[in-house]
Structures are given as C-alpha cells and as structure tokens.
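Here you get one chain, nothing else, as structure tokens; it is the form predicted on its own.
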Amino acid sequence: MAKNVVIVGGGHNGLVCACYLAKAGFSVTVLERRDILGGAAVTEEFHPGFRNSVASYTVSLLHPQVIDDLQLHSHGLEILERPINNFLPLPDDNSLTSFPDPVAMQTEVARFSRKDSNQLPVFHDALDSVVQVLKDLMTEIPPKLHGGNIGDLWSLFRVSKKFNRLSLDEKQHLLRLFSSSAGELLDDEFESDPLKALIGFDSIVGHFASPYQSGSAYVLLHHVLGEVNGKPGRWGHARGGMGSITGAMAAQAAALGVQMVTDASVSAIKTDNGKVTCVELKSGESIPANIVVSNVNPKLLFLDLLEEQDVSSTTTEHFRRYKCQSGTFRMNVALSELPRFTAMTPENALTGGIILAPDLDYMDMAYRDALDYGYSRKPVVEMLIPSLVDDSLAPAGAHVASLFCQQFNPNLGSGWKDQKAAAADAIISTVTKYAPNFRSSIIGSKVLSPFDLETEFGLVGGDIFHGRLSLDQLFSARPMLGSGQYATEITNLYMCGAGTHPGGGVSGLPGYNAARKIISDH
C-alpha cells in the first residue's frame, strides 16, 4: 500500500517534490493556504486587463533537470530570453548596458574604463571556474555534520572530491566569495563605479545588508548560478508570467495523480511519540499522514505548526534566532506608456533589468537609511517590463512593470501599514527622476511591503529566500546543523522549501533533493 504523504504549501518546491514522490509510487496530497497554487511564483491580474508575476518575477535558476523530468515544456512552459541582461541609467544621462555577447560587453565597459574592459573576462573566468562546482553541490543532499553516520562520511568525501578539482587559486577565490563583501571584491577588481554597481546589485537582491557587509559576495554568486534555455548566466521571462511555471508543475502533478487542495490553511502538524500522525486544518479537518513534508519557512514550521513539547529546546531556540530579513519591497504597476529615460538608451535596453542605483555607495546609503528611517528615501530599484517580450500581459499599447526594490527594514513588521504609502512614493520618485513621464503613466498598481509579503505569501520578514543566505545558514547548516538533509528530529517530518539547501530562487532544487531523500528513506 502506497504511503500517504501530505505536503504543506503549494509553492513551486512543494509541487516539484509532489511530482517526484508521486512518480515513485507515493500517494500525495498538497495543501495550499491561498486560493491559487504556486506560492510566490504566481501570475495575477492586479488591475483590469493587466497581469503580472506579482511576487517572484524572473527566470534563471529553474533547474534544467527539473524542467525535463517534470515535462514542463509539454505542459506549456515557454521561457523567453531577455535580449539585454541589465541596463543601468546614470544621473549624468550616460548609461551602462549589460549585453549577453561578451565582446559587445567589453566594448561597452571600455567607454568607462579600458582597464576594466580588459579585466572583465578575467573576472568572469574566475567566477566560471568555481560556478560548476557549486552547481554540482546544488543537487547534492548535504552531509550531516552533527549526528551523522557512515553514509554522511561518504557524502562528505564526495563533496571534498568536487572541491579538490579546483586549483589553489580557485579555492582561494571561492573562499573570498563565501566570506568577503561584494564591495571589497569589486573594488579590488575594477575602477569604474557604474560597472561595480551593475555587478554588485546582485549582492543585495533579497539581502538586507550593505554591499560592503561580509557575506554579500556569496549572495552575488548565488544569482549567477543560473541559465535560460541552456545558456549560462542568462535571464528570462516565463510567457504568461511565473504562474506559467507553477501551472505546468501542477499539470504534471495532476497527471501523476497528486491531489491538490487550495483554501486549505494548516493550523498544526500533530505527532505521537516523536512521529508525525496527521495535519490539522483551520477548518477543523484532520488529514492522516504517514509522511509530512513542509514547504513553508522553517520558522513557521518549528515555531507555529508544531507544539513546543514536540521540538527540542535547542531547535526552538535556533529558529527563534534564525534570520529572515530580505528588506524587499515589491510593486507591480500598470502603465499607459513606456517610461522615457533621459539617459542614453540603446535598442532593447528596456527589455533588461533596469537598475536604478549608480554606485555601491548609493546601495550602502540605502541600507543605512533603512536602518535609520525604516525605508530608504533613495531606494535601490530594479524595474522589469515583461510586456516588452510577452504581449499577453497587458492591453495593446500599454505595459506592466515589476519594481523589485531594496532596502526596506523588515523588522518594522505591522508598522509597515503606516510607512507603506511613503515608501511607495519614494520608489516612484526614484524612477521618475530617471524617467520623467513615469509617475503620470501609472494607471494601477499592487504594492507589497515586507509585511505584505509575509502575510500574503508566508515570506517571514519579507524574506524571498526563506532565510538569509549567510555562511551559518547554508549547505549542511540550512536551516540547522543536523537538519540540513531535509529530514527533521521528528520521524517522517521533512522539509522541501527554500529554507533548505540550496536556498531561494525559483530553482525547484529543494523540492527535488527532498524527494530523493524521502524516497531513499522509504
């Protein structure tokens, strides 16, 4: 008889885990609190006639094996490549454009610094030399460094072999990427402020910190691990928005016999003698389970869904201190016309990520501002206009834009109700400074503060990664030493969300790895 698995949370990792488990013969039920599957990877109409990826918003980290194994393309998934990677307008009306073609990119950088133009391929080669090792590690179940067995020793040996492939210089570079700040790294490599800003932006995405804080270099590295349509380092849009990804996953899950239930808010996971027994819903219904898989933030699992007596005091204290703090503010806007930037704007520049943060000092000040005032009065803004590559999202002649903004203090909690309007205005003012028609072109919007991201999508502290990407919360320590292998101290209770290895982003790998662990155990 097939073992009954209940997955709490219908985000993309929960759906991925469900598909692999169903394919292996498990009987799987997915419970989703909202009225739509997909978690933060959803497409919604936020203004009449305008649809957008309202939370997660772009594609790069979605793993090709997950795409192939779940037959996502056969379920309608189409990933459209961005012709331009990024576009950085500058206050002096100059601009820096990140072209996918390396020769064109070097030519562009040479306008600012011949030295940096020559250094750029050296920098990318150094990154590429360690990226493949990290990509390999992303599909590994981390070894258990506390309370492990002979299998964990073997796993540790396999991991060490991967690192031993690196030269001494490559190992030293990797150590810097894991431990140093992006600002320090980039200051050592380049002299041009715009180039450092263009690259350094990735170090603060979803990371409530200055680019000069230790650990920010790894956040940068995390964002360069992806690919689109087999092309490393590229970014794209799912046609129809991010909901097309989770829609394709749900279609595959249905084909495999997975039962998916929406409007099913879980109130508790029940145990008996240290083993899961059932999942209780807020409606009062109790669903028996041989295995429970949590696809929610680990803080929610250990502090809200489990009884305190079911969890060791060490675990409880760990998750009280577990850091979730993105500092992210999200806006979706319906536009009557495209923004007209005063900066030099090459062809197709607006199809890329439009980064409004001219240098690393600006990013540093945005963070310090958020500490002092709750939100940055001059925020870091990334604007994407997906309707330029996907005309299904807006009426003819109109557009939708995603504004993914940093730094906004997640520790304000419900205090964001009083700050939200002022923060949104600061964002609009920042964009309008570069594109004077922007404010007047807005005909509708959906605004999500860090508190809104928490209450609507379960992103504690507005954290898009379900936990800070710092060395103490990575690999075998994600989300905790002894529980970094998707299993918990409670028998048959597992985790498959972004709070587990390899972390956040729409990759599907936490769900994939967790399913492999569960299949191996059972």
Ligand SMILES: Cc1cc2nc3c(=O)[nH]c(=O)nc-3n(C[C@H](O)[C@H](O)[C@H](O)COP(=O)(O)OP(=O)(O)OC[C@H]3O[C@@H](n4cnc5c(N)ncnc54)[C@H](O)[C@@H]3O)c2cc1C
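For clarity, every value in this text was computed on a predicted model and none was experimentally measured. Residue indices: 1-based, along the sequence shown.
From this point on, the text means the form predicted together with the ligand, which you will not see here.
- Contact with the ligand in the model of the complex, defined as any heavy atom within 4.5 Å, is confined among 462-470, 65-73, 43-51, 486-494 to 462-470.
- The contact with the ligand in the model of the complex, taken as any heavy atom within 4.5 Å, belongs to 235 out of 367, 434, 235, 416.
- Listed residues 286, 167, 392, 265 were compared with the ligand in the model of the complex; 265 is the one with a heavy atom within 4.5 Å.
- In the model of the complex, the ligand stays beyond 4.5 Å of every heavy atom belonging to residue 515.
- Remark: residue 296 counts among the residues lining the ligand in the model of the complex, judged by a heavy atom distance of 4.5 Å or less.
- Interface membership of residue 330, defined by any non-hydrogen atom within 4.5 Å of the ligand in the model of the complex, is confirmed.
- In the model of the complex, the ligand stays beyond 4.5 Å of every heavy atom belonging to residue 474.
- Although the ligand is not shown here, in the model of the complex the stretch 23-40 places heavy atoms of 31, 32, 33, 34, 38, 39, 40 within 4.5 Å of it, in sequence order.
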